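Heads up, the chain below is alone and in the form predicted alone; it's given as structure tokens.
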């Protein structure tokens, strides 16, 4: 059962990673509620760069709450010290609570969760499964438009979560009481394999789309040929070989606990994205489609990667 909540709109909400899948949705929802919002990224007027500590002070100044997404991913070794340093700065500057985007099944991500909650017990963790929007707003979109998605995955099921549900939970934690100290594990309502997901997208898009399982080494070599950085390739290898090993093949109740409703089903997501033209064939104008994002790789990423 969800805990009782009451609205307590902050004086100023900071959104880190505001160009990412969840960050831009969180910022939009906050503004719709009339909450003063500072949405920051590496390219914003007031910039924020995890690798440039000199950008942090101006970003946090005056903020009372903060939505925190880390780039490239909380799973990388650099994440825990960076999160610890940011949590300490936030405490010094009077930020009342943090809402941290995290990923399931990642040891470093869970370490970051503990850092945030130890530094500020009023904070909230939003621990997510792979994003449904990876198929329409990230690496997977262009292959699907061409008709074939080839990945080093296939048999393991994942409860893909809609980024809109993540944003709703994050905004609730930022603007309501009753979410303090919670770790909300956010998933979709059912398990699907990657072939299952592609089949549902094919039905929604009215197209013949195929999924092909390929070896991880072949996938890594293809990324190298495309000029991707070695650290990103290593991260993707970790995600497919370690995180997607079946450890997360279960449905969690974070959306129900935080919002008192069921999470959005993958088929609903697919119909909405298809109607917006997300998977229109190559060479056709995808009217209203969300542009593909060529960054990142996991649920804990700031500008903002996958899952």
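Numbering follows the first chain given and starts at 1. Here the structure is a predicted model, which is why all the values come from computation and not from measurement.
Omitted here: the form predicted in complex with a small molecule. The next part is about that form.
Considering the small molecule in the predicted bound form, the lone stretch of 115 to 123, 88 to 96, 129 to 137, 171 to 179 in range is 129 to 137 [heavy atom distance within 4.5 Å]. Using a 4.5 angstroms heavy atom cutoff to the small molecule in the predicted bound form, all of 49, 71 and 102 count as contacting. Contact between residue 43 and the small molecule in the predicted bound form is found at the 4.5 Å heavy atom cutoff.
Residue contact check for residue 18: one or more of its heavy atoms lie within 4.5 Å of the small molecule in the predicted bound form.
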